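In structure tokens, one chain follows: the form predicted on its own.
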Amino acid sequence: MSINYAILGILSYKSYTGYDIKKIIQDSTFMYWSGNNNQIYKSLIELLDEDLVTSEIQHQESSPSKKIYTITDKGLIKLKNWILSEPSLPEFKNMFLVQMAWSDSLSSEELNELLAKYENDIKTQIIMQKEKRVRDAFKPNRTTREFRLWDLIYDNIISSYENELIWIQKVKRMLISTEGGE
């Protein structure tokens, strides 16, 4: 994901500080990026240089001054053009699948432990994502459609974990049924 577009999207909702943007992205399940925290500030400088955002210093009496970023009309156009661009298909980078590919070297007990741990981790993720859906502080809902779109994003995330749970349970059943014929 290009962090610049995530930032533009966030700022299309409301003006924020760099810290606020960083927190929103870090807390998000689906706005993942592999850069470090400084990348957000570097991206904000890029966006400023391209006139896609503006910044304003907000002075505070008892705290340090804050720099508030706001999307420009040019930034809104850039964001819309990106939204209308060809969507990319999901990437399946699941390290557990790589572990599974080579797990025949494990004893039955070790493999069962690995599968059970993964199953429990998936169950935990389902609970966490359902809870996050309810408690997410950043969930724009300016319109009924926008609220529904965000709700559907959470549906997608939760159903992905639920599908993974169904799959791992199938793997466990299939391996147990064939275990006698090793």
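All residue numbers are counted from 1 along the displayed sequence. Fair warning: this is a prediction, and the values are worked out from it, not measured in the lab.
One more form of this protein, predicted in complex with a further copy of the same chain, exists but is not displayed; see below.
Every residue in the set 107, 117 and 171 has a non-hydrogen atom no more than 4.5 Å from a further copy of the same chain in the model of the complex. Residue 48 falls outside the set of residues with a heavy atom inside 4.5 Å of a further copy of the same chain in the model of the complex.
In the model of the complex, a further copy of the same chain sits within 4.5 Å of a heavy atom belonging to residue 144. a further copy of the same chain in the model of the complex comes within 4.5 Å of a heavy atom belonging to residue 122. Using a 4.5 Å cutoff between non-hydrogen atoms, residue 68 does not count as a contact of a further copy of the same chain in the model of the complex. Checking 58, 26, 38, 156 against a further copy of the same chain in the model of the complex, a heavy atom within 4.5 Å turns up for just one residue: 156. For the partner-free chain shown, 80, 82, 83, 84, 85, 86, 87, 88, 89, 90, 91, 92, 93, 94, 95, 96, 97, 98, 99, 100, 101, 102, 103, 104, 105, 106, 107, 108, 110, 111 of 78-111 come within 4.5 angstroms of a further copy of the same chain in the model of the complex, judged by any non-hydrogen atom.
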